[in-house]
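There is one chain below, alone, in structure tokens, taken in the form predicted on its own.
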Amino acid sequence: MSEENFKLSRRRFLQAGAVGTMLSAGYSASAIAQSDTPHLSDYQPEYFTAAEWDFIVAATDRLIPADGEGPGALDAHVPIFIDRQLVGSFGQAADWYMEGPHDPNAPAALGYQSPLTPAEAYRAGIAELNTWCKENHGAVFAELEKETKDAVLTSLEKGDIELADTKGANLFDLLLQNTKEGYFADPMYGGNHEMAAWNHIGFPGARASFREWVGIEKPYPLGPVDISGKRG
């Protein structure tokens, strides 16, 4: 499949993901970052190993690449967001019902169906997928050409690559969900660096009031404000 066919258009991705992500995501309180989050190149992962970090950086970069109209996932520090979520309550499934039975074929409405926490599912899934990549493409995911990365992610999304070690957890769904969250969440959580995503879509952020702008068909001129009060 071509790179163009694989990637959602940036406009469709943003329109589909922004509002739902910002309203529904349950971020880990213990994973809140300080306003002086280091740059992605200087960040030391808290959960991921070096090999796992390479995968997350490479995979999120293909889900929201930087060669479109707006900032890419790496510009927005999405990998930092995901790493910090996995060391917090989300990654540990601290407030989820995790007792069995677990039925991977159950309807999605019945919720998460794996005995593994999200953090454990990432670890198991990345290791198994890297093994699959080495066996089928001669290198781990992060070392593949971008067209091959896109093809691997497409196969993973379609279920053509089955990861038994995740025990029912869907690595692609987790990765896509967390990538969207890291792209649009308040910067206090480590992603959406410098409110890049909010600036791109014209979202006002945590401003106390912008009701007077609802329905006005022109770009919002004041820029976003994050929860800490910083202006974008």
Partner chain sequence: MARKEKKRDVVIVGLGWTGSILGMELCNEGLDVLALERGGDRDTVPDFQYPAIADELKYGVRYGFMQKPRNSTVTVRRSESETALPYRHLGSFLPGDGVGGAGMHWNGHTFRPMAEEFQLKSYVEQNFGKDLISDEMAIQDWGISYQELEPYFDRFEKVAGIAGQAGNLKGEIREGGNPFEAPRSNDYPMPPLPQTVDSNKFADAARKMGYHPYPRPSGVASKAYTNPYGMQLGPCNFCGFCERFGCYQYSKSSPQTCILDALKRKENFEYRTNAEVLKIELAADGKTAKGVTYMDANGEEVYQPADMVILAAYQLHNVHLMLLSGIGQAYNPATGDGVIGKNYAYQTNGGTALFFKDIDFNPFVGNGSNGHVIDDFAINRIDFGAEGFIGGSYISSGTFNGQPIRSMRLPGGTPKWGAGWKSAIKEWYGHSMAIGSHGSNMSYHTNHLDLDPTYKDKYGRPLMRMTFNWKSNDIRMTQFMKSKIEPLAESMNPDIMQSSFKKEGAMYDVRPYQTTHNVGGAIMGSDPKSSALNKFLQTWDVHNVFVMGANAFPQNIQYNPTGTVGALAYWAVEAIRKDYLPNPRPLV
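Residue numbers count along the first chain shown, from 1. The structure presented is a predicted model; accordingly, all values stated were derived computationally and were not measured.
The form predicted together with its partner chain exists for this protein as well; it is not shown, and the discussion that follows is about that form.
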Worksheet item: Looking in the predicted complex, any heavy atom of residue 67 within 4.5 Å of its partner chain?
Response: yes
Worksheet item: Does its partner chain get within 4.5 angstroms of any non-hydrogen atom of residue 108 in the predicted complex?
Response: yes
Worksheet item: Though only this chain appears here, would residue 130 touch its partner chain in the predicted complex if you measure heavy atom gaps against 4.5 Å?
Response: no
Worksheet item: So in the predicted complex, does any heavy atom of residue 95 sit within 4.5 Å of its partner chain?
Response: yes
Discussion item. Which residue, 58, 40, 195, 188, is the contact with its partner chain in the predicted complex, using a 4.5 Å heavy atom cutoff?
Written reply: 188
Worksheet item: Which residues from 152 to 173 come close to its partner chain in the predicted complex, meaning a heavy atom within 4.5 Å?
Response: 153, 154, 157, 172
